[in-house]
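Encoded as structure tokens, the following chain is the form predicted on its own, with no partner shown.
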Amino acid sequence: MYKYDTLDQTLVNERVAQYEGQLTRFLNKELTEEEFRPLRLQNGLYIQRHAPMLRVAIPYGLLSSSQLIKLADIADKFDRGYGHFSTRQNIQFNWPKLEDTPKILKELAKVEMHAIQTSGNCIRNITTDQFAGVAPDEIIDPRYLAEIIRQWSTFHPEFALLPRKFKIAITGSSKDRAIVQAHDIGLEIFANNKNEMTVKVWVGGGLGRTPILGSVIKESLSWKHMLTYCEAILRIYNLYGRRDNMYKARIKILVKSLGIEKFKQLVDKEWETIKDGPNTLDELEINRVKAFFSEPNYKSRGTDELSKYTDNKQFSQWLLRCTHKHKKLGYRSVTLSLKSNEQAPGDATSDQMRSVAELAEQYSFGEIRVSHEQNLILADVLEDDLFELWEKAKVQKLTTPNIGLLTDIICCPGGDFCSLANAKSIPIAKSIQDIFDDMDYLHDIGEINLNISGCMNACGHHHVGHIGILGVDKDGSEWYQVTLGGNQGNFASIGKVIGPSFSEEEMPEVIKKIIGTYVSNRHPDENFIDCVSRIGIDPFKKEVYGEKGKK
């Protein structure tokens, strides 16, 4: 993984000192709340419902074991003994004291971490595939390209105050695990017919209040122009994006209002002025950054120890759902589930973090990945070590065999923490996990993505869940709207609202009826999303609302 050089470390240290001075002036009432707000946001600090929240950047979801240990130490010393991994592969601390935030940033800087550009109207954390570099279907490893984009976008003066926040995702595999179509800019890396690295560019995607899937603006772009073309897009957005209405300020609204062809004309005209400028990439820069992501020292194939454990049902279920094919024979990637029903989805205690760091050191070259599904991944585990790893991870309740299943719920913090939320998310997730606790049944009904957001900002990505749940305000009380048919990946789609919203008490039964309708109507080996696509949402509505519908 990328290591700081002297310049990186100096920039981060200077930012910490700068923020400490800003906070001191605010606490001494030399800065108003209005003056301090953009300064704290530039350093990842939100003011939530009960306490500040600090969002820490995990670039493209990659952590070292020492960094994860530092996050565990921060959770214990400055928070309440846990952290929340978000859908943008970051971590959030929900209970720090305002006066302690400079101390946290200083601790982060010691292990080459920061909270820069994790909020505010700027280019946010660059995200990618959690299996980058190890997936068998990978065409080109996107991690070094993500790092190049990170270095280019961090502290970029021209994009420090965009009309609204801006998110970039990149993938290099045949299967899109980064949801590039739902980002402001999505980059698909592939090899053209001359075996040259090429980029397919999507623009104008995004969820939130107006969910829109991106449009292709460039089918085949040379890797040399990846940064210059992104820069041209951002310049046009900066010039033409609305600043008079925050709800219409995202680039997706600009692209939709202009139309993709007009937007492309503006971008291409701007690009002509910068395409061969200093941000044009060359082999020297590619190789400089690529060297940080060299292949670890893999061992030769092991002794096929797994065959000894075929009678162990719990291990077999975990092996099926939580381990993934690897490009190297004898290795697998392992997803450690943060979706047991004993804590909020995406939460990890400090003890769990330390345990994962230890497992990474012992079994996976000291590296950990964070997925946008809010789980942790050990990317390089020998198959011979899987049973031993499983036994150790089980102690920390990290082995729930539900990855990709109904209870592997994506969930924002919701009304328990967020001041923007209309409704709580975590209790809904817990109630669904409680009633679907039969692993045999979960495995039988197969892959179902259930995503929950507490408000229209869609931090829980409910629009692209096979089942989406959105918290809404209804006469001052909390209600929940349900969508069906959303999907992520290569065949991304936005879910459709099935009808009027439900109370919190109704939600578990609603989900039971939706799953029951699927089970009653599915064809042999047909998964949930394909069944919804085939029969439509009317059979589900009929079952959920009854013949007369819901008033």
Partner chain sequence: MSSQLILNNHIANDEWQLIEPPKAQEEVKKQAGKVVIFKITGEASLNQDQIEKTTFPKSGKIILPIQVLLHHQKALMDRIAKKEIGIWIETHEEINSFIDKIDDINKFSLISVNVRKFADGRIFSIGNMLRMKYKFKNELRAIGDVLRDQLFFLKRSGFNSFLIRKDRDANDAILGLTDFSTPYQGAVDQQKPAWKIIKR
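Note that the coordinates shown come from a computational prediction; the quantities given were computed from them, not determined experimentally. Numbering follows the first chain given and starts at 1.
The protein also exists as the form predicted together with the partner chain; that form is not presented, and the subsequent description refers to it.
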**Item:** Contact assignment for the partner chain in the predicted complex, among Asn287, Ser174, Thr273, Gln265, heavy atom within 4.5 Å
**Value:** Thr273
**Asked** Looking at Asp434, Glu158, Asp304, Glu261, which has any heavy atom no more than 4.5 Å from the partner chain in the predicted complex?
**Response** Glu158
**Asked** For the chain seen here without its partner, which of 159 to 167, 99 to 107, 453 to 461, 174 to 182 has a heavy atom within 4.5 Å of the partner chain in the predicted complex?
**Response** 159 to 167
**Item:** Heavy atom of Thr32 within 4.5 Å of the partner chain in the predicted complex
**Value:** yes
**Asked** Could you tell me if Gly476 has a non-hydrogen atom within 4.5 Å of the partner chain in the predicted complex?
**Response** no
**Item:** in the predicted complex, Leu11 touching the partner chain (heavy atom, 4.5 Å)
**Value:** yes
**Gln317, heavy atom within 4.5 angstroms of the partner chain in the predicted complex** = no
**Prompt:** What residues in 1 to 27 sit within 4.5 Å of the partner chain in the predicted complex, counting heavy atoms only?
**Reply:** Tyr2, Asp5, Leu7, Asp8, Thr10, Leu11, Glu14, Arg15, Gln18, Gln22, Arg25
